[in-house]
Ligand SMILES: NC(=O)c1ccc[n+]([C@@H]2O[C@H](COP(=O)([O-])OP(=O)(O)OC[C@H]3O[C@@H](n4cnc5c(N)ncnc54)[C@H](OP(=O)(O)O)[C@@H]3O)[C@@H](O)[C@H]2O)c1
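Take a look at this single chain in C-alpha cells; it is the form predicted alone.
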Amino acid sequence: MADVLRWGLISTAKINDKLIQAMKGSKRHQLAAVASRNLDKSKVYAREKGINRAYGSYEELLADPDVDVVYNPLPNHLHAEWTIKAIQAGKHVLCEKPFVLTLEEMDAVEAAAREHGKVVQEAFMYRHHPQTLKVKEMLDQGVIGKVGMIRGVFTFLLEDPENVRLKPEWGGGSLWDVGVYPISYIRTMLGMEPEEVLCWQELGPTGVDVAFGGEMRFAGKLLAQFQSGFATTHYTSMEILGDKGSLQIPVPFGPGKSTSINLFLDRDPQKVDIKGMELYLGELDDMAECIWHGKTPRVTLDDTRRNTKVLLACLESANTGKAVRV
C-alpha cells in the first residue's frame, strides 16, 4: 500500500495552482511530473513549482511509471480524449469540469474506466468541502422544512476576446464553464433529477452564450432557477427556500478554511459558522481514499452523466426556445 499518491499534471494551466497549493499542506500527495506541448515551457514551469520531472508531450507523462494519477485541466473539448488516453496508460484521473461535452464521450470514458479498473472523477471541488456537507446535512434533517425553491448564480466579467471560454469549437460558453456549478449544486442538495428544463441565452460575437438562465422543474412542484454569465461582475450565491425557513450560501462554490452561511427561521437571521479546509484538498483526498481503499467517489461517473444530461437539455431548450424533458 502506497503512502503517497504521485500526481502528473497534463498542461501548465493556471488552475493547477489551486491543486499545488492544496498539496503543500498534505503528506499524502506529491507532484511527480508536468507535461506541456512545449518542453522549454514545461521545464520552466517545473522549476517554478518544484516539480521533479518535465515532459514535452502528454504522451511522455502518461508513460511515466512513477505517476499514479493524472490531473486533466485541458480545454473542455480535450477532457474526454486525454482522460481516456490516461486511463488506457494505466493512470487514475481527476478531470476538470465539464467532464465531457456529449453523452457519447461519457460512454467512452465509462467504458475505458471499467475495462482498466481505474478511478475516474470529475473535479467538482466544492462537493468535498465541509460547508457543502453541512448544508446537505441541514436539508436532510429538515431544518428549513420541505424545500420548494432553489436559486443559484455564478457569473464573472470576461473581457479577453481571445479567451478559450469564448471558442465554440472548444466547448466554450458560460453554461459549460460556470453554469455547471449551480446546476450540480441544485441536484446534489435535492438528491433528485429535474423532469423538465426551460432556458434562455444571450450569445456573444463568437456564438457562445455569454449569459444563460433557466428553470428546472422537479417532482413535487419543486422549482429551481439558475443563472451564469461572462457579462457581469463576479458573483456567486445559492438560496434554498423551505416551508419553515431558508438558507443563503454567499460563497457556495469556493469556500475556504473558515466560512459561514445564513439560516433564516421565522425571518430571524442566524449566522452558522463552519470550520472549512483548503478548498481543493478534499477532491485530492477523495481520490486517495478511492484508489487505496476502494471508497466510492463522492462524484461518481453516474452523477456526472446525470449532470451532463441536464446541461445538454438546457442547451437544447435555449437553442429551440422550448421546454425540454430531461
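The first residue of the sequence shown is number 1, and the count goes up from there. What you are looking at is a predicted structure, and each value in this text was computed from that prediction instead of being measured.
Absent from the display: the form predicted in complex with this ligand. The rest refers to it.
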Problem set entry | Contact at Lys134, Arg187 and Val251 by this ligand in the predicted bound form, all three, heavy atom at most 4.5 Å | no
Exercise. Heavy atom within 4.5 Å of this ligand in the predicted bound form: which of Val100, Leu175, Met125, Val120?
Worked result: Met125
For this session: With this ligand left out of view, choose which of Glu96, Glu193, Glu81, Glu196 has a non-hydrogen atom within 4.5 angstroms of it in the predicted bound form.
Result: Glu96
For this session: Go through 6 to 14, 21 to 29, 300 to 308, 314 to 322 and give me the stretch that gets within 4.5 Å of this ligand in the predicted bound form, heavy atoms only.
Result: 6 to 14
Exercise. With the cut-off set at 4.5 Å between non-hydrogen atoms, does Arg37 touch this ligand in the predicted bound form?
Worked result: yes
Exercise. Is Leu74 close enough to touch this ligand in the predicted bound form, meaning at least one heavy atom pair within 4.5 Å?
Worked result: yes
For this session: Check whether His92 has any heavy atom within 4.5 Å of a heavy atom of this ligand in the predicted bound form, and answer yes or no.
Result: no
Problem set entry | Tyr181, heavy atom within 4.5 angstroms of this ligand in the predicted bound form | yes
For this session: For the stretch 270 to 289, return the residues whose heavy atoms include at least one within 4.5 Å of this ligand in the predicted bound form, in the order they occur.
Result: Tyr280
